[in-house]
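In the block that follows, a single chain appears as structure tokens, in the form predicted alone.
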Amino acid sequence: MPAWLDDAVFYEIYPQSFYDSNGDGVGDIPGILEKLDYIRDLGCSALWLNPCFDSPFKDAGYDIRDYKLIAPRYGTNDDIVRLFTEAHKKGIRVLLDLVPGHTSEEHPWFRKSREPRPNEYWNRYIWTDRWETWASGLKTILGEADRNASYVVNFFKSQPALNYGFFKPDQAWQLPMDHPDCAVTREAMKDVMRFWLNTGCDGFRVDMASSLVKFDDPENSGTAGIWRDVRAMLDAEYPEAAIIAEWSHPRRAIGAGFHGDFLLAFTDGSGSQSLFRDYVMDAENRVTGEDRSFFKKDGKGDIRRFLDEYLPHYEAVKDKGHISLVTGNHDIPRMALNFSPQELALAYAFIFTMPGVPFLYYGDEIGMRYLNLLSKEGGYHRTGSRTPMQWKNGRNKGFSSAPADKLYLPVDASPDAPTVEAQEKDPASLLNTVKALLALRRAEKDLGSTANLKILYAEPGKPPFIYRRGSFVIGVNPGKEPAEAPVDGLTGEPVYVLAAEPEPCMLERGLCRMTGQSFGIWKLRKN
């Protein structure tokens, strides 16, 4: 396990929307370089960059045309090497986004694979042996190649699936995992990883990490075997490199060799409850009109819904890897769509004081809003969470000097749109709350990634939620009304309290009392 993960806090950057350094309307790597001090001062010690490789951008860069070339709109390979170097000087690590399951249809591998006569790339992708739109439960595309077959896609038509084999092949066109051509695919991806690790990157967040080996592999054991092989390579050649999965099943992901799992929603069978469904209205909520968000003051949330799924994963992996809770990301609506600044602050306080390695999505620290926009580069409903960073009032909110109609996406034009500049001047702002929380996390090892969680009070439908991290007791009461709970006879001194009326929040003689919409951290008194 890379030691630097022990106190890491990640900041996710969507490159095209963070900061435009050259006035062309698109964010770029030199722009990220200019903002490294901001990221460090925010309290983040690591970056995750969404794909910045050469691409036709039919899926915002998740359709890669050249794994080893930075997209010209972001800069050059030299620019990203400079980013690695300067970030390291400031104590910041950098993860790139690895997309191992598919490429762009314009990738040279696929151009060769689609040819009608066999060649060394014929089996680099998954092709059926006839023309059809679905095969063995997989979506296929036909009419796009001279080859007498259709190809399997993972997502869009432009994203042909790389061939890592089938766990239980039952058709002539399905190769077993141990087929030599599948081994070549695995080695090609390790070659990509070595290329960037040798240039100075610190590892990878892995897109759709569970999707490599195809059906029927209900426990993902085939895919897990591939990642354990990758982990062995990293341990031997790059022991300080980290890999974080987009798997949302910590037991499987960490069992497969990942150092952590990027948790959006649990996917272990119950399927309908997760951290995000506890604080963002999902499709069911929109239909029923019932808000189940735990951190909403008027919500009908229940922290047990989250804990009942989280705790078995936590207990299984706590000594092996990290569960990464996130404030949001580029694929889901921003929390500010449904949350007030105070509700956001309570949710963030929870995320940043739980075990594991947290991720902060750019702009969430100021409460950037989700905008209802037309689809851009395959974003569809996700587009509204990818708008330009709001640095200051004025032209394009400080994101770019380009004319507004040349921007990658429009900025939030609301008169009260939050900005970094304004919130830096307000001691009570969401931005300064985030800074204070991350500074405390960094200063107190017990509040970091260490697996030292004990639940003290978590009753269905009854706030507050109280938990212990080493020598600290932490409480959150998202409801409007005051609440109290017994806590094992403990007494503590307040270290951090987030509330309109902080004085009544206390931990005395085994009782935690909290005002409405409050959060507190207490250092336990020594007997």
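Here the structure is a predicted model, which means the values were calculated and not measured. In this text, residue numbers run from 1 along the sequence as written.
The form predicted together with ligand NOJ exists for this protein as well; it is not shown, and the discussion that follows is about that form.
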{"property": "One residue of Met208, Met354, Leu440, Val81 in contact with ligand NOJ, assessed in the predicted bound form (non-hydrogen atom, 4.5 angstroms)", "result": "Met208"}
{"property": "Contact residue in the predicted bound form, chosen from Ser429, Gln159, Ser150, Asn396 - any heavy atom within 4.5 Å of ligand NOJ", "result": "Gln159"}
{"property": "Heavy atom of each of Phe155, Asp331 and Arg386 within 4.5 Å of ligand NOJ in the predicted bound form", "result": "yes"}
{"property": "Contact of Asp59 with ligand NOJ in the predicted bound form (heavy atom, 4.5 Å)", "result": "yes"}
{"property": "4.5 Å heavy atom contact, Lys320 to ligand NOJ in the predicted bound form", "result": "no"}
{"property": "Non-hydrogen atom contact Arg382 with ligand NOJ in the predicted bound form at 4.5 angstroms", "result": "yes"}
{"property": "4.5 Å heavy atom contact, Glu105 and ligand NOJ in the predicted bound form", "result": "no"}
{"property": "Contact segment among 83 to 91, 234 to 242, 415 to 423, 200 to 208, judged by heavy atoms lying within 4.5 Å of ligand NOJ in the predicted bound form", "result": "200 to 208"}
